[in-house]
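The data below hold one chain only, encoded as structure tokens and taken in the form predicted alone.
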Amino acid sequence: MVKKETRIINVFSNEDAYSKKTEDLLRQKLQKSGFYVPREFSPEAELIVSIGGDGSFLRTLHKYDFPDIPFLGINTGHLGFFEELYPDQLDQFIFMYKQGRYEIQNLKTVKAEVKDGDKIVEYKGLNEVVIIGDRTRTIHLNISIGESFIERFSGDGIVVSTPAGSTAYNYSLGGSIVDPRLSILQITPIAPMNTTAYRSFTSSVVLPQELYVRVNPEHQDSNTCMIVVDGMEHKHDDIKEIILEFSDTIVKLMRFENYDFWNKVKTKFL
């Protein structure tokens, strides 16, 4: 039985041996510092610590359905763009956390409302929503922004990214890096076709937060589309329409003193 006044911190890691070792060590240090660290997810926790890389962080976020609890990332992976600290900074983290020497970075999420046959399915992503054909088939998408029809896209697909996700798949496709303090969605094409038969945008399109994107697939050889949300695939066989826009959900990411987004970009990419 946990006392009501007990301060609870959830700690999770991926299956990597180094991550597991870091998790065990952090649990010991937190418990010695007066925190309670449950073995299962506690909705009463004041903080969630994710140990691994960006993929581990995103899987934890989705697994617990975007909880309204701040996250801290400890990087044992590769890029670690969401992660704030490294395993050799555990003592520093506990000291600064107990002193309240941190800030919360609020990150916006994107929502996809998918009309598949007679049912509607909703997805949320922190980084992006990707719409592609099944088995690498060329996909044809009628794309509207708000009430205005924009183009009949032909190619491998499109990525709709948030500012937080602008440094992920979007960036590898040649999309722009966006400061997360801005409220914009970015549509970036994947291998667009530009021939006498098909004309598609070849660069990103940037939208303000009040606009939404409507996508109506044209089904030809196959009716199957893949909706990929933060790297997690969802297959649909009869998509009529997809509406993409900002979600009301905010992800709270803990940042410590001297954090600067553009310094992080320089460190990770340049």
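Numbering starts at 1 and follows the sequence shown. This is a predicted model, so every value here is computed, not measured.
Here the subject shifts to the form predicted together with a small molecule, a form of this protein not shown in this document.
Contact annotation for the candidate site: 55, 127 and 167 all lie close to the small molecule in the predicted bound form (heavy atom within 4.5 Å).
Partner contact region in the predicted bound form: 157 to 165, out of 157 to 165, 112 to 120, 138 to 146, 90 to 98, criterion any non-hydrogen atom within 4.5 Å of the small molecule. With the partner removed from view, the residue among 59, 214, 27, 240 that has a non-hydrogen atom within 4.5 Å of the small molecule in the predicted bound form turns out to be 59. Between the options 150, 79, 177, 184, the residue in contact with the small molecule in the predicted bound form by a heavy atom within 4.5 angstroms is 79. Using a 4.5 angstroms threshold between heavy atoms, residue 195 stays clear of the small molecule in the predicted bound form. The closest non-hydrogen atom of residue 106 lies beyond 4.5 Å of the small molecule in the predicted bound form.
For residue 38, no non-hydrogen atom is located within 4.5 Å of the small molecule in the predicted bound form, even though that partner is not displayed. At a distance threshold of 4.5 angstroms between non-hydrogen atoms, residue 231 is in contact with the small molecule in the predicted bound form.
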